[in-house]
Structure formats: structure tokens, C-alpha cells
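The chain below stands alone, shown as C-alpha cells; this is the form predicted alone.
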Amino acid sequence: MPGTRGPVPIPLHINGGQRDLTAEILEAVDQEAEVGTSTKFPQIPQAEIKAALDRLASRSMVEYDTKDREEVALTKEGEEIASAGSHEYKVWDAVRQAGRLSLKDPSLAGANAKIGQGNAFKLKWVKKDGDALVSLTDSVQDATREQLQCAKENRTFQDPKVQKDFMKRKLVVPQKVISYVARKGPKWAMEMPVEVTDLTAEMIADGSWQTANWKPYNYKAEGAQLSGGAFHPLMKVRQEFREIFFNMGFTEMPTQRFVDTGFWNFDTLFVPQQHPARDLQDTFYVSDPPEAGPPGPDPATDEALAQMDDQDEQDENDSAPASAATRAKDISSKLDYQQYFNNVRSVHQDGAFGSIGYRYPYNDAETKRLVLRTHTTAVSAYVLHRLAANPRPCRYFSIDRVFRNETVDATHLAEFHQIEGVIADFGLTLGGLQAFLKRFFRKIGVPDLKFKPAYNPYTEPSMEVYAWHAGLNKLVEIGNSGMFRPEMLQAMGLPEDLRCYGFGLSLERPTMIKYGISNIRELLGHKVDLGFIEGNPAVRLDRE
């Protein structure tokens, strides 16, 4: 009686039915020391018996043990043989009744008849006489039928070899049977007690709560399944990385711009216009519209960055600075984008800032082509150029999607998430970068790193980062890093002694390792198991 207060009678009927199964179990246990449910209640479904036993056991009225055993059940074909005879018997019977049965007789055309014919030959019940079959005996013993009838009655075979043969012939199937043995419990009684479920004001006033028979809490009961949203594993690992960056003093860069120009995606990063990465085989180019205007300020990005800087200043000074929009306009007014464009052209075409450049004819139209960004370093370049308005030590990071025209396989997709960190400060050295990377990767559970010299157009020196993979028993690459080139930084207007670290890794690889996923298409795309998404656990990168 949901919603009622005070004593509530315990229901004895199963699902509102007429059968009082709980009372029947109590009567059976009262008459016998131990009651086997498979023999006492053979027709009652196992789930109903367990529900009744659990109600009694929760009140310590009875105790019970679970017994598992394997039985055999006849298939549809097995049932037909048990009732009408085996295939070989039917062939022999048809031949006996006909005296001489033509091989073309319709009764021998079916698949079962072919099996029966072969078995009848093997048992020497019939033989071939020209184009017909004749019987070799007046009576036979149908052992197959008898064995199946015995198995149907006893639910098992005496000879395991016979059972294996019948299973191979798909005449029987094994099935697991669960039964219970019940006996009296510590609080044995022939009647179900009335239990109190709610404490009322009247019970407190008259003191009856002290002697009431309270219904015990069932701490093993599972709660109802709640249908709700769930974070994707990538988002869980992404949030863990964000917390690590925030704890190390980084500010998150706004990365909402998936489409960018060739200028920000390539040219500002000292990537030559003839570089293979700019080919259609590696980069997605936008066809409509195919190009944008010259480089200039991005108000949305500037305001978001100003807002983050304002928050940092407010935390330090405990006073509200000017509005983010005002700060963004003030910073943009100090930046000369046309001069920046000219500097980038000079570095590529003629050389500048101590570099001889690439010395090729620079094509202004190539800088305006729209692409799906191939790395979030395009955003880093914009943020570092903005830093020229107020050069100072700072730390930025981003985690977002990038796009590359790659062949899809078990470990590659045409889009993935890039984790990138940028540190700008005065007097930075390569040894400092290595020390920082060791500290960063230690926070995600990678204690020992190895560094290998590498080449990147926009960093010099550059290093690939390796770690020991216990499962593969070898060193595997887990990231890339380097110090941004002077040709890149000084073209932005940054002072000569301001240096910058850059490092990055993918988000998918640590996620796949953490969740034991071998195929990236099980993590992203239409083949993803929603049950895995809803049921996957939280992640801690610094723990197994």
C-alpha cells in the first residue's frame, strides 16, 4: 500500500496473483528439514521462487542455498524423434511396409530422409538393390528414440559421449538450471509479520516506536536505472587535462574558430607555401567561400582573452578592471596587422630578423585561402601576436579539434583533438623545456621521458617526446615540442629576449590507452557503443 503510514502488511501473493507461494514455502519448510524447490515446486518459474525466498530470508524466517546444475533439453527435432521415431527408423519402416522402395520415392527426398538413409545403411537395417531399397530385418531397436526419451525424462545422459554426439547432431541443447534448498531460519515463523516502514508523530508520542517491528533496510537492493546524459570518454580525459593545466597556471585559449586562413594556419608559423602539408592530399580547403580578407583582429577571441586576463588580475588585485570589451579594443588598437603581414612576407621571401628565409616569390593570394585548421597552433600564433601589445610572461593552452586529410584506419581519423601548451617568458632554455615536460607528464602518470631531436618549421630546436609503454614493451612517441623560432616571434613584434616553449599531443591516444580501446572507430563515429559511453568510469590520469 504505497503512501500509507504506519504498519504495512507484507504481500504474500506473486505479482498480485492468486497463488500464495510464500505461504506454500513456509508450509513445506515446516514439514521437512530441507526443501528442494526443483522437486517441490517444479512448475514455478525460478524468478518467482527466488523472489519469495528473498522476502522470507530478508526477515531471517528461512535460509536457503543456491544449487546450479546443467541439464539437457530436447530441441524441436529431438522432440519429434522422441515421439515418432528416428530418421533411420522412419526410412526402415517405409521400406518394410513397401517391401521394395524406389530411391526416387518422395519419402526419401527430404534432408532428414537422406540422414536416416545413411544411418540405416550403417546399422544394416536396409540395403541397396538396384534402384531401390530393401529391408534386411523384420524388427529393429530404435536406440536414438529410446535415448532421447530417457533424456527427456531424466534431463541428462548417463554416457557423456552420447550427450556430446546428440549435441553435435543438434537434437539436444545444454541449459543451466538454478534451484534452491530452503530450511528454517533464526526467526522462523509460520506467518509473515507486519512490519513498520514509516515513523509517525503518533508513534513518537505514545512510545510505540520502541517496540515496533521495523522493516530492515536492504542495502544490497539496486536502485532504479536512471536515464540521463553521460560525458563521452574524450570529454572526461579532456577535463582532467584542463584541471592539470589550470593547476599549473595556464590560461585557456578560445578555439571556436575551426576555419582559418592559410596565413594564420601556415605562414605565421614559418611554413613555406610549397610545403607538402599545404597540398590537397593533407589539408581540407574550403570551397565556399574559398578565401577571406587580409589578417585582422578577431573581436570574439580578443574579448574572450581579455575576460580571462581580467579574471587573473582580479584574483591578484582584488579590484574589478575595465570591461573585457574595452580591454580588447585597447589591445587591438596597439597592433599593426598590416605590418605583421609585411614582416611575415619578408621573412619568407627575403629573410629577416637574422634569418635568410626561404627566398621564394611570396604569393599573397595563398595566405587568404580558407582551410579547416590542421592544428590549434594557428590559434597560438594569433594569441602570441596579441601578446606584442603587452609583452610579458604568460602560459596558454588549448584542447580542441583539428582536421587533416588522412586515410581512416584503426588509429587515424580525418579529425582529432590536439592538446597544446604555450609558455612565453624571458631567458627560457631548452633544458627548462625538458624539465617542464617531465613535470607535466608526471602529472598524467608518465614518470620517465626520453627526448629525440626532430624538425618542425616553426620550432628550433625541436624534440619528439617518448615514454616507455609496458604493454608494447618499447618506447612510443607521446608528443612533440620545441622552442618557437625567432623568425616567427620577432615578426609578431615581440622583443628579442622573449622566448616561447610549444608542446602538444593528441587527446585520443591517452584516452584509448586509459579505456583499453584498440580501434579509434570504437571511440568516435557511428560504431560507438552507447552503453559504453553511459557506463564508462571516471578517469584519473595519474592512477592506474
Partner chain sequence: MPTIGVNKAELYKELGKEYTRDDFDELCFEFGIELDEDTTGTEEPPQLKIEIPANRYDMLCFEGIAMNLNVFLGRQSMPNYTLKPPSNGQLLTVTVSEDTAKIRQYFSCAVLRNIKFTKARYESFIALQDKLHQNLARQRTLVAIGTHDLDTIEGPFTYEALPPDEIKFAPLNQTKEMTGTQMMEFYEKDKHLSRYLPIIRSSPVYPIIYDKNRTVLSMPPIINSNHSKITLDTKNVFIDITATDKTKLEIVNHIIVTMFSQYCEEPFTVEPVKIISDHNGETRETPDLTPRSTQASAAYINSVCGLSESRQTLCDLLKKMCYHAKPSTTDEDILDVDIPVTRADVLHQADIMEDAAIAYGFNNLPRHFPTTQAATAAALPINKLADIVRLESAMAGWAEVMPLILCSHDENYAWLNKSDDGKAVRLANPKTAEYQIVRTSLLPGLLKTIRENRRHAVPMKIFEVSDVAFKDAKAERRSRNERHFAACWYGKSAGFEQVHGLLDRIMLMLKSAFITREDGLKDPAVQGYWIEEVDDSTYLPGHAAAIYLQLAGGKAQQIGTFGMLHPTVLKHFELPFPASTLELNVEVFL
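Positions refer to the first chain, counted from 1. None of the values given here were measured: they were computed from a predicted structure. Only the largest set of C-alpha atoms that superpose within 1.5 Å between the two forms is called the rigid core.
Although it is not shown, the form predicted together with its partner chain is what the next lines describe.
Novice: In the predicted bound form, does every one of Glu366, Pro391 and Phe441 come within 4.5 Å of its partner chain, counting any heavy atom?
Specialist: The answer is no: none of the three residues contacts the partner (heavy atom, 4.5 Å cut-off).
Novice: Would you please decide whether Ser462 lies within 4.5 angstroms of its partner chain in the predicted bound form, comparing each non-hydrogen atom pair?
Specialist: Yes, Ser462 lies within 4.5 Å of its partner chain in the predicted bound form.
Novice: When the contact criterion is heavy atoms within 4.5 Å, does Glu291 count as touching its partner chain in the predicted bound form?
Specialist: The answer is yes: Glu291 has a heavy atom within 4.5 Å of its partner chain.
Novice: Is Ile533 close enough to touch its partner chain in the predicted bound form, meaning at least one heavy atom pair within 4.5 Å?
Specialist: Contact check for Ile533: yes, within 4.5 Å of its partner chain in the predicted bound form.
Novice: May I ask you to check whether Met253 falls inside a 4.5 Å heavy atom distance of its partner chain in the predicted bound form?
Specialist: Met253: yes, in contact with its partner chain in the predicted bound form.
Novice: Which of these residues, Lys329, Lys452, Arg183, Lys124, gets a heavy atom within 4.5 Å of its partner chain in the predicted bound form?
Specialist: By the 4.5 Å criterion, the partner-contacting residue is Lys452.
Novice: Within 4.5 Å of its partner chain in the predicted bound form, heavy atoms considered, which of Arg509, Arg59, Lys50, Arg499?
Specialist: Exactly one listed residue reaches within 4.5 Å, namely Arg499.
Novice: Determine which one of 142 to 150, 271 to 279, 88 to 96, 202 to 210 lies within 4.5 Å of its partner chain in the predicted bound form, judging by heavy atom distances; exactly one does.
Specialist: Only one stretch passes the 4.5 Å heavy-atom test: 271 to 279.
Novice: Using the arrangement in the predicted bound form, list in sequence order the residues of 229 to 267 with any heavy atom within 4.5 angstroms of its partner chain.
Specialist: Result: Gly229, Ala230, Phe231, His232, Leu234, Met235, Arg238, Gln239, Arg242, Phe246, Gly249, Phe250, Thr251, Glu252, Met253, Pro254, Thr255, Gln256, Arg257, Phe258, Val259, Asp260, Thr261, Trp264.
Novice: Core superposed first: is there a CA shift of 2 Å or greater at Leu226 between this form and the one not shown?
Specialist: Comparing the forms between this form and the one not shown, which are aligned on their rigid core, Leu226 does shift its C-alpha by 2 Å or more.
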